[in-house]
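Quick heads-up: it's one chain on its own, the form predicted on its own, in C-alpha cells.
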C-alpha cells in the first residue's frame, strides 16, 4: 500500500511536469498516427488493384487503426534518463531514498501514457471512423481480457529492456547507440511499422519467435485473431527472461557504481 501511495504521488507530479510539454506531445502523437495511416492507404490501394495479402482486409485495417495506441501503451523512454542518472551521479540521491529509482521511472512512463492516451485516442478514432466499414473489433469479454494481459506483459518487457540498456551506463560512457539500435530493431520487428503478417513466409518462423513481436504485434494478434497457446507461453517466457535480465544487470551494476555520496 505504501508503494502504491508513493507511485500515485510520483505519477501526479510527473503529469504536472508533462503538461508543460503538451503541445510537443500533441505534435508527437500526430506524427505517430501518420505512419499507420499512410500504410493503411497504401495497402487498401494495393488491395483495390488486386493484391492479396495473407490476412483479411478487416484484420489489416483494424490492426493499423489500433497499432499506434498499442505501440504507445507498450513503449518506454526510461533508458536515457537512467543512463544519465548513473553517468552524472544523480542515482546517488535515489539510493538513499525509501523508494527505488525504477518506481520513479515507472511513474514517469505511466504519466506519459496518461497524457499521450488523451491526445492519441481522438486521432485514432478519426482514422477508425474514416475506415469504419472495415474495422472489426471483438465483442467477447474474454478477448479483451486476454488482450489486456498480453498488453501488460508487453509493456513490462519494454520497460525491463529499457532498464537493461540504461544499466549499461554502469560500464559504458554512452549507451545512446545501443538505444538507437534497439529502437530501429523494435520499430521493424515489433510490427509497429509493418504488420508482421505481411512479411514473406520465409522469415515468418524467425519473426514469430523473436521477442520484439511480443511488444506490439502479439497483443493485437490476441485481440484480432486466435494465437496458439504456444504463442502465449512464448510471450510469458520472454517476459520472465526480460524481467530477470533487468534484475540481474541492475544488481551487478550497482556493485560497480561509484558516485558522489554513493
Partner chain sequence: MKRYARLWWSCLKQAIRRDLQFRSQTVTNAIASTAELVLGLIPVLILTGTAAAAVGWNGPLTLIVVGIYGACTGLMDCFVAPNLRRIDGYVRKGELDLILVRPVNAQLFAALRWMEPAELGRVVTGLGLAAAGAHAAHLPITPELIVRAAGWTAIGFIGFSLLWANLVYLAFWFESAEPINEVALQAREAGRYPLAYFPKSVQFVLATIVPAGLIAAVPAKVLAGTVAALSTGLLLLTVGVLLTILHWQLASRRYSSAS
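Residue numbers count along the first chain shown, from 1. Since the structure is predicted, the reported quantities are computational estimates derived from the model, not experimental observations.
Missing here is the form predicted in complex with the partner chain; even so, the following discussion is about that form.
Within 4.5 Å of some heavy atom of the partner chain in the predicted complex lies at least one heavy atom of residue 43.
By the criterion of a heavy atom within 4.5 Å, residue 184 is counted among the residues contacting the partner chain in the predicted complex. Though the partner is left out of this view, residue 210 does not reach within 4.5 Å of the partner chain in the predicted complex, counting heavy atoms only. Taking the partner from elsewhere, residue 97 is found to have every heavy atom lying beyond 4.5 Å of the partner chain in the predicted complex. No residue in the set 18, 104 and 122 has a non-hydrogen atom no more than 4.5 Å from the partner chain in the predicted complex. A heavy atom within 4.5 Å of the partner chain in the predicted complex is found for one listed residue only; from 66, 223, 234, 194, this is 194. Residues of just one listed stretch (210 to 218, 66 to 74, 22 to 30, 223 to 231) have heavy atoms within 4.5 Å of the partner chain in the predicted complex: 22 to 30. Taking a 4.5 Å heavy atom cutoff to the partner chain in the predicted complex, the contacting residues in 32 to 63 are 34, 35, 38, 39, 41, 42, 43, 45, 46, 49, 50, 51, 52, 53.
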